[in-house]
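Given as structure tokens, the chain that follows is alone and in the form predicted on its own.
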Amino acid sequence: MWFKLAPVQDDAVAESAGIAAGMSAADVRAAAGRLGSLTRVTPVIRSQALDAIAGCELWLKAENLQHVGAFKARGALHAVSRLDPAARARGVITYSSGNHAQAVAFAARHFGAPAWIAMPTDAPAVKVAGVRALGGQIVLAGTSSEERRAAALKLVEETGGVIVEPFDDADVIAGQGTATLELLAQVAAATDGGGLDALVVPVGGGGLIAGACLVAEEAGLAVYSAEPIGCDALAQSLAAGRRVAVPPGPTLADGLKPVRVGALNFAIAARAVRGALVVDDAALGQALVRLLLAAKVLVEPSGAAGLAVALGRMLPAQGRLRRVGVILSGGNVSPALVSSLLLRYGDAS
């Protein structure tokens, strides 16, 4: 899906515009300095077999190998580290379908604080188990982000804890941007100073792509979003020039199902994203399987969204692009789903 930018007409975005205008790659570098060794420097994966399908060099940032198996650890650790210590000690609260839930539980444990997490009733069992293993206390709340947020606000009243937003927060955005900052440094080091021609980023609430845009703006790098069909809130919002609510449809990508992207995230993305692309479940499943078989790397369907775009040659003039960066955003997936996707797409990959 492509879009022509319309004038932004959204009160929440307008209120966020001042914050967004003041954010830049410098905020991401500051976050990287604060995080230090708290986060892993994840590897960049290369595969000649995948390059041949995509028609260009793919530089795959393996955030599935980050703490808790997702890039979300970056934003959560940064945001929790920035909380007032007294407030943090009362506890941290969030609402999430899974990966941010695990990330906040991980960050809370690191800083010695309790954590309460509002999760959907249909959250993948592997993600629920991950939160519990990290000491997070779970409250199940409906299936929409609005229901989860309402439950989180109730937890604030009951516990006196503080909410760590899953994506619509400057500290979270700056933390997520460190993945792109690392990727560009790794590509430059491997290519004697060369750079990427494009970057593809999966989008749920928009924290990852907003952070990527801050870094990419400074580098002059084109950024493209990847969303599942029926859950394309950013694509529809960019086309409309305002945030659009999109009740999530069925998708394998359980981590990419917000009703809306964040206001701050949208304000940043609207000035930097070059194109919005959507992929179906077949493309997600095939990308996951191809990555597993060709590169021996396992991601969840949400983490395969950017790769599905690249392998489908959906980027403009992709045959003339030399290097394309793709963020593999997470790897928390059930063995049963992997098995079913291998049976379905293994022979075709």
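Sequential numbering from 1, following the sequence displayed. Note that this is a predicted model, so its numbers are computed, not measured.
One more form of this protein, predicted together with another copy of the chain, exists but is not displayed; see below.
Peer 1: With another copy of the chain left out here, work out from 163-171, 220-228, 104-112, 76-84 which stretch has heavy atoms within 4.5 Å of it in the predicted complex.
Peer 2: Contact-bearing stretch, as computed: 104-112.
Peer 1: Taking any heavy atom pair closer than or equal to 4.5 Å as contact, tell me whether Lys296 reaches another copy of the chain in the predicted complex.
Peer 2: Yes, Lys296 lies within 4.5 Å of another copy of the chain in the predicted complex.
Peer 1: Indicate whether Gly22 is a 4.5 Å heavy atom neighbour of another copy of the chain in the predicted complex.
Peer 2: Flag for Gly22 set to no.
Peer 1: Given that another copy of the chain is not shown alongside this chain, does Leu35 nevertheless sit within 4.5 Å of it in the predicted complex, heavy atom to heavy atom?
Peer 2: Taking the distances in the predicted complex, the answer for Leu35 is no, it never comes within 4.5 Å of another copy of the chain.
Peer 1: May I ask you to check whether Pro43 falls inside a 4.5 Å heavy atom distance of another copy of the chain in the predicted complex?
Peer 2: Judged by the heavy-atom cut-off of 4.5 Å, Pro43 is in contact with another copy of the chain in the predicted complex.
Peer 1: Just one of Leu315, Leu292, Leu311, Leu321 has a heavy atom within 4.5 angstroms of another copy of the chain in the predicted complex, so which one?
Peer 2: After the contact test, the surviving option is Leu292.
Peer 1: Go through 30-69 residue by residue and record those having a heavy atom within 4.5 Å of another copy of the chain in the predicted complex; state none if no residue qualifies.
Peer 2: Stretch hits, in order: Arg40, Pro43, Ile45, Arg46, Ser47, Gln48, Asn64, Leu65, His67, Gly69.
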